[in-house]
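As a starting point, one isolated chain is supplied in structure tokens, in the form predicted alone.
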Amino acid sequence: MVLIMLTALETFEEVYVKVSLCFVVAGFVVAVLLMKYKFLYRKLGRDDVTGGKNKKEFERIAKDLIGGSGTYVLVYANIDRFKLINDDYGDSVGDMVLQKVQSIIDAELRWDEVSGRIMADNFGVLMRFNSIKMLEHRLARISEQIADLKDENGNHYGIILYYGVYVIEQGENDISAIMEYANLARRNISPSHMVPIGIYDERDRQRLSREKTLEMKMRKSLEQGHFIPYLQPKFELKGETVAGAEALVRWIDPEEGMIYPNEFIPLFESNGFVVDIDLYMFEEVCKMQEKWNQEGKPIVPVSVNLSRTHFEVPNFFEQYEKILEKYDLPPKTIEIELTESLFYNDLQSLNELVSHIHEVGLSCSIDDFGSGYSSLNMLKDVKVDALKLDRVFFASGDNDKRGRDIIQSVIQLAQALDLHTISEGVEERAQVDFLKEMDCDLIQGYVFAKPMPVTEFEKLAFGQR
């Protein structure tokens, strides 16, 4: 009997040991899994470039914080012209600068605040809010440190942050919408603040609502032909007769009527829909030119705009070629207008595009020449056919001698390079007389005609003789 009890006791002890060992092993496995989960969680929440929080992790923490007590403000920070740093120093230096910017922002934050990189050179910062003045002081400290960043030779990068500010109301928790409001507020940047700050107000809410309304119906409007070309005539100066036109898009909505470009073009440029509009307008002009040619009308070149957004897509001009192949057009009946700002980038690629434009029988001009900081050297390298002098040249009035001298110099330079000159935005007769003296080729402006429907342009252009 005793022997049997001892055997049973030993069996119980063995079982106990085995069960205990299983618990220990299970606890160890759970601990390892928790550590791995924590490591992976942290890794997933870290931005690959800056080492700080990525967009998803920033939004998660920000949403938790604003759900607590107290008032918060969301700041959307953007580095002005960051692309120049990448262009001048390379991507690796650009990444290093982003790391330093993130570190400087994080060093300013308290335990119940958070920041992270949203995308590219944009950062989200959630801060406690007491007053705009106190917020300005905190953002000024960040800006001063970032402005002091230098390259390896001791030269300042010249970094400026632009801030959009949205004060979060009690109960708001849609962090995506809050970030959108803060980003939108950057349009309101005012020089009255210590640093470049734009503060969101009710007008922004109305603007955002309007933009969403337009976005909801823009594609359907394109499919149903509610976008139509208007033509603004270009007049040759000697006889003051129509010698060309620029195609400008107008949105004729069945419910609202005319929606003007200054309302929808900036929106389309930001959401990428401008690419669809440009291609649509190009095809509409091709149809129009083929019709005129079949009717035996004299050739009147029409220019179309090409947005810089196209350049984000490799080989984008192939789409233009496919459209062009569908129509029988005489050479140089269509001109592609390239905005001056495109010439700040890769001149070699741009020159290849201009050559390609010429190969398919189109001409090419630089639009808004003089609106930015043009390099006159680019005129030597890029073989365009014409320069369009920006309206900024004519904004100072007739008595601005210095402005007149600049216009004269640009026209003489264009003539020396065998380029046609078009002056746009001309609104006064005295300007017309001056441009005649300077031998400017064409004028486009309200002094002669506003943009008009195609039928009206046809009466003006083909009935003038």
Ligand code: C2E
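Numbering starts at 1 and follows the sequence shown. Since the structure is predicted, the reported quantities are computational estimates derived from the model, not experimental observations.
Below, we refer to the form predicted in complex with the ligand, which is not included among the displayed structures.
- Contact annotation: of the candidates D385, D367, E113, D121, the single residue with a non-hydrogen atom within 4.5 angstroms of the ligand in the predicted bound form is D367.
- Only one of the listed residues (N293, N188, S307, Q99) places a non-hydrogen atom within 4.5 angstroms of the ligand in the predicted bound form, and that residue is S307.
- Looking at 50-58, 402-410, 432-440, 419-427, the stretch with residues near the ligand in the predicted bound form, meaning non-hydrogen atoms within 4.5 angstroms, turns out to be 419-427.
- Heavy atoms of no residue among E108, A140 and L149 are located within 4.5 Å of the ligand in the predicted bound form.
- At least one heavy atom of P261 is located within 4.5 Å of the ligand in the predicted bound form.
- Although the partner is absent here, L222 sits far enough away that none of its heavy atoms falls within 4.5 Å of the ligand in the predicted bound form.
- At a distance threshold of 4.5 angstroms between non-hydrogen atoms, Q289 is out of contact with the ligand in the predicted bound form.
- The ligand in the predicted bound form comes within 4.5 Å of no heavy atom belonging to L214.
- Residues from 259-284 that approach the ligand in the predicted bound form with a non-hydrogen atom closer than or equal to 4.5 Å are P261, N262, I265, V274, I277, D278, M281, in the order they occur in the chain.
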